[in-house]
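Take a look at this single chain in structure tokens; it is the form predicted on its own.
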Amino acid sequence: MATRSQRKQLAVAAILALMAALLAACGGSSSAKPTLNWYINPDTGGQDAVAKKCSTDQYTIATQVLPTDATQQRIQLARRLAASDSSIDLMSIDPPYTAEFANAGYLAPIADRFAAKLKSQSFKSAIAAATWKGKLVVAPFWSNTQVLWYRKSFVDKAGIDMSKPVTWDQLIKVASQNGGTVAVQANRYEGYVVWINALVSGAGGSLVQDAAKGVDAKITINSPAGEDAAKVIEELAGSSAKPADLSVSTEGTASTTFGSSKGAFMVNWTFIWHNYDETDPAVAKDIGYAMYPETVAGEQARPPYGGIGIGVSSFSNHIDLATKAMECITSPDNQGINAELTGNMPASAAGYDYPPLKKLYPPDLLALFQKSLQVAAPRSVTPYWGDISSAILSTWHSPTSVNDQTPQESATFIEQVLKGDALL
């Protein structure tokens, strides 16, 4: 049996042990390194690599993968943000939805110092797509553009000079006369609106003006530029250069058409350069590239703009740390790392200086990508883009139905949808 002195010593030891445990627990909660959750679009490992590189002694960045479809990405993020979900710290946001998230108050402000740095380093089109009501609301991370890809063997046979600007009309006629196809994206999805926007912009027009006025924005798709765009789609849809799957064509199916025996021309994103390296090396060696086709001869083509901007959630419990992480993620070197692993090109000219990119792409192709980004046409920056895009798809799809009345019909329908006089 323990003596009175021994019992006292045991009691003291127990109290000390309990205090030590409590102190350890308290210390653990206050000093634990937070994890920043970065919701990303699916890719081939670029954002994971950047997350690992940008994790520090202060925080760890963990990635959460969103659905492949951009519309579904928007829905998943919007649902969480509408519920003030604090588990989102960083987001990879598709440009069409930037204004919607900013207008709803879902994005933490970007400090003037960092905004100035981003404006200095980023392409003009990237800044335009990241700005809402005069403020930069997301940090441009990667910027994509489309170029005209062609089969060198086909243009040699057809005798068309690809060193000079070409028009859609030329491509469709040459492909039709020589048994080739012109591959595009015309499924009932966002990619089709991307093409329509590029065609309208290439004719000097726009889909929307005064987007900041919301539902009172001016719908401008019913214009000579809209008619020029409709003419291109109608011409392709009625020609023998039309791919068999035109009305359901996507980036992936277009690449399949281009790689087939009838492949001639295709507009598509930058990933195409390495798309056939392993699956069809003969096609890979046969790829040529040029500036996006002109809608109107002699007028500057306006290639599509795509990409990702990084936003910090205003509901995050770690806004300061997430902002530091955003600065790291969007640095030119990390834009380069992402481009090396995914083919999604940097949002800044400095990002193109990342040495591995110069081994992966020919110098003139890197120059073409950057030139395209300088003149690219972002889609209208408006919080109502989802409604506008869906209304366009309702009136311009299928491409075989497009005619000279389509711009007027779509303008009327868009205005009705925005005013609440029609349902999508």
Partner chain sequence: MTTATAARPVTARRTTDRSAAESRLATKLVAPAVILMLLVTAYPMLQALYLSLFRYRLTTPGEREFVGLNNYTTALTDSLFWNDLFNTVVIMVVSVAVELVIGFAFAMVMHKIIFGRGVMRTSILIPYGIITVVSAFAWQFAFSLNNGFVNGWLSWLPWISPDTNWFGSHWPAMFAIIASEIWKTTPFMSLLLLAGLSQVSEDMLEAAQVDGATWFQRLYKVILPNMRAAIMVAVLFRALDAFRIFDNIFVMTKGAQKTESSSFLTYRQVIEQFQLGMGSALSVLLFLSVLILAFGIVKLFRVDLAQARGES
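Not measured: the values here are computed from a predicted model. Residue numbers count along the first chain shown, from 1.
Heads up, the form predicted in complex with its partner chain isn't pictured, but that's what we're talking about next.
Site test, 158, 285 and 361 vs its partner chain in the predicted complex, non-hydrogen atom cutoff 4.5 Å: Not one of the three qualifies.
Residue stretch of 376 to 384, 41 to 49, 363 to 371, 60 to 68 approaching its partner chain in the predicted complex, non-hydrogen atom distance within 4.5 Å: It is the stretch 376 to 384.
In the predicted complex, the residue from 234, 340, 100, 294 that sits within 4.5 Å of its partner chain by heavy atoms: It is 100 that has a heavy atom within 4.5 Å of the partner.
Partner-contacting position among 170, 223, 253, 121 - heavy atom within 4.5 Å of its partner chain in the predicted complex: Contact check passes for 253.
Contact of residue 302 with its partner chain in the predicted complex (heavy atom, 4.5 Å): Contact check for residue 302: no, nothing within 4.5 Å of its partner chain in the predicted complex.
Residue 79: touches its partner chain in the predicted complex, heavy atom cutoff 4.5 angstroms: Result yes; residue 79 sits at the interface with its partner chain in the predicted complex.
Residue 397: touches its partner chain in the predicted complex, heavy atom cutoff 4.5 angstroms: Judged by the heavy-atom cut-off of 4.5 Å, residue 397 is in contact with its partner chain in the predicted complex.
Touches its partner chain in the predicted complex: residue 323 (any heavy atom, 4.5 Å): The answer is no: residue 323 has no heavy atom within 4.5 Å of its partner chain.
Residues in 238 to 262 close to its partner chain in the predicted complex, defined by a heavy atom within 4.5 Å, in order: Heavy-atom contacts to its partner chain in the predicted complex: 244, 245, 247, 248, 253.
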